[in-house]
Structures are given as structure tokens and as C-alpha cells.
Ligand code: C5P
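Presented as C-alpha cells, the chain that follows is alone, the form predicted on its own.
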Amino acid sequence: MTTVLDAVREFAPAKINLFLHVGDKRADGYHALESLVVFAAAGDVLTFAGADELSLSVDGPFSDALSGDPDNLVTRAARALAAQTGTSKGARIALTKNLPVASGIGGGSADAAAALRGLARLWDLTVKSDDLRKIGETLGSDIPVCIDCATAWMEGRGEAVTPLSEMPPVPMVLVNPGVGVPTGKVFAALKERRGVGHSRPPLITNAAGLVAYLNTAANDLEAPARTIAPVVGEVLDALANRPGALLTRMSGSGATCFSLFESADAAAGAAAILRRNQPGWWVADTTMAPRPV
């Protein structure tokens, strides 16, 4: 018996690169990458309802950044899924944009992945996660890892995703200073890189083990991002200087940075002080969630 859904809700959590190593440029023009990816309990929300045509409405704190883009990743993902599966169904998609745009935490990619998941449910399509990842790969390098919203080892240009054991739910604070750091410029300014081939993490059960492992890695794009946007360094220093901060790093190509904290109280206290001292920064105290819902 076929189940017809009237409405579907999907959470699109922030994607965090706990480290990001850059290798040589490939023949296709992309750099080889290597990253340990987790997801936070903070994110965007998408809802889907049946309709004859495809439409998208956007609200939320960062909706203005998308209001002039009718052909963003969400609608492109919807059309790609429809084309791949041969469906002619439409949908009313509503996106609540809680995450800053183009900020290194995969907001657009997570939204597109959520669109693929949500529409597959709404349209009652027989598609597996692998099918959705293949569709996502044609739209953006970060979309495949966002399909399952689970801890993963990411390689290639981002399309090669290997699931890993879930990490402990470590408290964290995310900070974005509200500046754009174009990914192309960051890669162009890259002078030193660790390359790929780092050892994958062992089974990690606590924050201390995670930090010990992460201290053997880095984000190769952090130094060029600091050069292009010095405020990134200010954010990293502000986070690292808060009591209880265990490790501070930039995610992706920036400009969002994060700190892992020893307790939820320490994270909440740090976030409160940062919001007071830097009212123009976006600050979120959240958790490195094993499986955000």
C-alpha cells in the first residue's frame, strides 16, 4: 500500500569540518581533500507540502541573503531529483534559514541534501541514500556528506564519503563574523598544505580522545582565510581565550569558526560573552550531535 504524505519536515544541520587537509590539484581542476566531518545540533529547517508546481519560500534570520536567488541549491536539487526519477510532481518548499550563507558550515549543501531527502519522502520515491548522494554530487562537493548527517571521512573533492563511528556529543560554539571569504580566493592564497593520507580516527568515546586526535591534524585553509579576512583570526582568538575551550579551529573555507568545550555550561557562558562583546557576530552554542533530529 502506498502512503501519501501531506507534509514532510527535514532538519538541515550545520556541517563541521573538524579538520581539512588539502592535497595536490587534480586533472579536473579540483584539489584532493581529506576531512573528518561531523554535524551540529544547529541548522536550517525545511518543510515540504504537495503541490502541482515547484515553489520555494524563505524566512528566518538569514533569509535576505537568499531572497534574490530563485535558482538556489534547494530548487536545483528538487529539479535534479525529479529528472532522475521521472516524477512530474511539484512541491511547496519552505526554508527557514537559521545558518549564515556561504560560511564554511555547508548551509546551502545541507539544505540541498535535506531537499533530496524530504522530497523523496513526500513523493514516495524508491531511492536509497547512495542514489541521493550521486544526485547531490552533480550539484556540489559538500552535498554527498550531508545526505546522512552522520560522522564521516570525506575524500576526493568531497564526493567520496565513508561513514565512521559516531563521535561523543561534545558541546561547541560556532561563530561567524559576517564576512564573506570566497572559496576560490582561499584556495588561490594557499601556500602550505599537509596533503592527504592522514590516519583515520580510532574509536573515540570522549572529548579528550577527540581533541588528542584532532591535534594531529589542522585546517589547511585557515592560514589563507586569515590573510584574506583578518577577522577570522580575531574570531579564533576570541574563542580560544574562553574558559573551558578545548580546541578552536575554522570550518571549511571559512569564515565560521568553532570551539569544542569541556561542558555545556562553559559553551553557553562563552557564547553569552561573545554575543555581548561582538553583537555583529553570529554566535551559536550547540552540540556536536551524533545524529541531529
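Throughout, we count residues from 1 along the sequence that is shown. Not measured: the values here are computed from a predicted model.
Same protein, other form: the form predicted in complex with this ligand, not shown, and the subject of what follows.
Proximity of G29, S141 and F187 to this ligand in the predicted bound form is complete: all three residues have a non-hydrogen atom within 4.5 angstroms. The listed set R76, R157, R194, R92 contains one residue whose heavy atoms approach this ligand in the predicted bound form to within 4.5 Å, identified as R157.
This chain is displayed alone, yet in the predicted bound form one of L36, L33, A40, A238 has a heavy atom within 4.5 Å of this ligand; that residue is L33.
With the partner left out here, this ligand still marks one of 129-137, 76-84, 178-186, 144-152 in the predicted bound form; by a 4.5 Å heavy atom cut-off that stretch is 178-186.
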